[in-house]
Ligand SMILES: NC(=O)c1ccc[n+]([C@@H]2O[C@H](COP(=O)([O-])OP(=O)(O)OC[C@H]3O[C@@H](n4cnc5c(N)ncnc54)[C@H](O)[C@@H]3O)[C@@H](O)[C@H]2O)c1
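Next comes just one chain, in structure tokens: the form predicted on its own.
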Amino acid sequence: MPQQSRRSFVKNSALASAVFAAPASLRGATSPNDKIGACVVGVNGRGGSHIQAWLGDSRTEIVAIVDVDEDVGNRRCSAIEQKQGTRPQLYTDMRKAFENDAVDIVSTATPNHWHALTGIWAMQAGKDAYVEKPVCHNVHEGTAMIAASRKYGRMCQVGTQCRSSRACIEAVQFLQEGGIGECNFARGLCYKRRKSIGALGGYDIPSNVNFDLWSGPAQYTDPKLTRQRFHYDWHWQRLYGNGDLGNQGPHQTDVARWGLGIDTHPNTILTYGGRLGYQAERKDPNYVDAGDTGNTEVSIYDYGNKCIVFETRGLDVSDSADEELNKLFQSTRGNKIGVVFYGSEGYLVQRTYSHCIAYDKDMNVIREFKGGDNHFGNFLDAVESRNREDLNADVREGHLSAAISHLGNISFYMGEDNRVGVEDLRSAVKDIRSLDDNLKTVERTIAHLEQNKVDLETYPVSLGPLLKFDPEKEVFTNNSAANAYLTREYRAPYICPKAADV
């Protein structure tokens, strides 16, 4: 890049476009090279993919690593040093890392409860942010992230990689050009085996983890955890995670919303399901799993003239009796993770992040779409251009898709104690406004549970309330108690600001 380094260009362009007092990172800091300084927050699991992405792009150098588990952080720093020749600085507190003038961009793969505050703090410090899905733990956090991105002039990309997938981009274009006729309904699937995370109990927190920093905005539960495995299994505890509806869901609901051209929140939401089947697996009728999110959920989202249904199945899916879905996914066995679009002239199926198939009404293949993504590279392109329109998954897109999961979970949580028999469930859903055949979906769900030996008389399904939502005001209009779930009680000093206060 002539006249100025890439790093200087990024900083100077950001300074010119942002309407805020320049933080330390934009006041004349220099780098020993032209590279964009990257900081990765949360590196035990998905954070490893962030590290590989920045190591694999010639535009970036990893200058900082943040992890509350110092053992994990040091291992990552040593591995990075071997590959890039310089060792990043290790922090346990991200706030200290964000004061580092060498940091230009922050990417985060923390547990869900930290996503929004990490992104907001990074953007307030003058850094561009790449935030894993779901971009927020609740609806109001997502709105605050959009406000921060706009106020501070920062690029904020969400880790919904399908937005950069060539297969998905071409398939959505085909769909929107009428490739399967008129299409107003999509079904997202997470048929993915999730075993019990162990019995509910009191377990020691790993001694090498700063649990105050790990807990951050969430309630502090020291001195004991309620789950056996510290890392990853937080996904299935609502204090920190959002279950598979909020873990896998934002990928598929994002594709569904994108393909249907939906640019708002749903008008009504209803979820039924439960955390079911582990008693039968353990052959212990009194067994209580440590998770408190649904492992079986069906969520119905009505947008007026369009509809999305998302189905979560966490029990055994090794042999499916769903004939239509078996044909569309070309498999009777194993996980089914993707989206089915139902058109007047056929179907479009997203089978993987890099493979989509279009069928006619007789389920003959009419077209296939293949090709992967470089979602991290797309983020860097926008960091350099300073043009938010260059982002394939801007924070607003991530917010709308994450909110689908949050709204579905709210209906589930509010109906958790409303256990209903099969006949009552059938009666409750048959008159719900939806473009899906709700009864058929119920029957498939019941068949799946019975196949997994769930005694539905002893352990009945929970039925959530039908919630009406104002997409503009982001509040429920028929259930004031549900509005409490749109945010959370924060723990000082880890308070996620409201949109008006970022």
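On a predicted model such as this, the values are computed, not experimentally measured, just so you know. The numbering used is simple: start at 1 and walk along the sequence shown.
Omitted from view is the form predicted in complex with the named molecule, to which the following refers.
- The partner is not drawn, yet in the model of the complex one stretch among 451-459, 431-439, 53-61, 66-74 has residues with heavy atoms inside 4.5 Å of the named molecule: 66-74.
- Checking H251, R163, R187, K336 against the named molecule in the model of the complex, a heavy atom within 4.5 Å turns up for just one residue: H251.
- Of the residues given (R46, K468, K35, R444), R46 alone sits with a heavy atom within 4.5 Å of the named molecule in the model of the complex.
- Under a 4.5 angstroms non-hydrogen atom cutoff, the named molecule in the model of the complex has G42 among its neighbouring residues.
- Among residues of the shown chain, I262 is not one whose heavy atoms approach the named molecule to within 4.5 Å in the model of the complex.
- Among residues of the shown chain, N112 is one whose heavy atoms approach the named molecule to within 4.5 Å in the model of the complex.
- The named molecule in the model of the complex is not approached by E311, whose heavy atoms all lie more than 4.5 angstroms from it.
- Although the named molecule is not shown here, in the model of the complex the stretch 123-153 places heavy atoms of E132, K133, P134 within 4.5 Å of it, in sequence order.
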